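Before any questions on how it binds or moves, here is one chain, the form predicted alone, in structure tokens.
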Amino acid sequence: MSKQTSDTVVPFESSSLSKKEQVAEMFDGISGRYDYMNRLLSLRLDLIWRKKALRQLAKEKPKIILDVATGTGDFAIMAYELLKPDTIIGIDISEKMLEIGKEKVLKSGLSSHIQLQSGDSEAIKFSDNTFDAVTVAFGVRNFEDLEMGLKEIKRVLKPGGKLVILEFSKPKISGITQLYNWYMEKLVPNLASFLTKNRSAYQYLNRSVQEFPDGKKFVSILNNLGYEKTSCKRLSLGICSIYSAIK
């Protein structure tokens, strides 16, 4: 089995920092406009995608959930609203994203159910077999070592626990592919440069999506790591995909 890493695609190509350090720096830099840009650039489709992903856990009724790469806590908050677990713990490497997330959780009145804390997806600081479910929304592309992150998630899942990943993918339909590539390569960085003054972050978004082993390739990685009942559901003409797997 070949080792799958994603550290060749980094936010700042001239930087000497590791991918993990660069990703943290990048998200710290765009944290204040992150939620706004998500809604704008996806035409609010990201809200629909997130709900569809979380519905993958409706039957399981998980009591304790880990949200990896939680960012500003959007997915964690929506997970509580839809699934009503006892506890959701969100981890992220960007302190500024977490600061915004903690404020949102406080304003939502969910501090007794949602805990956001600093944490590394490739070295999760929880014991084996802790969580009923693990979620990752638009985060696995940013793992420095993809397989290590997925192994760590599997380790902290309880036997029979479920992993649900929401991630960008590449459309395969002729015409749609070309339109999508133009949107991601040209329009998104230009718009981001105007609105956030951070063009490089959204250029990285496109590069990381293009290099990510989506669809069957990602399912194959999950299978090779010992996950069971793996699946991939493509959304919005293949712009986004939901992956699910059982430990």
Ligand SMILES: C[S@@+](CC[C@H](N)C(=O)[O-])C[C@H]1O[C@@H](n2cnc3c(N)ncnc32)[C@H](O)[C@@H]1O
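On a predicted model such as this, the values are computed, not experimentally measured, just so you know. For every residue, the number given is its place in the sequence shown, counted from 1.
Same protein, other form: the form predicted together with the named molecule, not shown, and the subject of what follows.
Asks: Does residue 23 reach the named molecule in the predicted bound form, with heavy atoms at most 4.5 Å apart?
Replies: So residue 23 counts as contacting the named molecule.
Asks: Taking the named molecule as it sits in the predicted bound form, is residue 92 in contact with it (heavy atom to heavy atom, 4.5 Å or less)?
Replies: Because a heavy atom of residue 92 falls inside 4.5 Å of the named molecule in the predicted bound form, the answer is yes.
Asks: Contact with the named molecule in the predicted bound form for residue 120, defined as at least one heavy atom pair within 4.5 Å: yes or no?
Replies: Within the cut-off, so yes.
Asks: Would residue 38 count as a contact of the named molecule in the predicted bound form, using a 4.5 angstroms cut-off between non-hydrogen atoms?
Replies: Yes, residue 38 is a contact residue.
Asks: Quick one: from 222, 54, 69, 192, grab the residue that has a heavy atom within 4.5 Å of the named molecule in the predicted bound form.
Replies: Here the answer is residue option 69.
Asks: Thinking of the named molecule in the predicted bound form, which stretch from 108-116, 172-180, 156-164, 140-148 has heavy atoms inside 4.5 Å of it?
Replies: Only one stretch passes the 4.5 Å heavy-atom test: 140-148.
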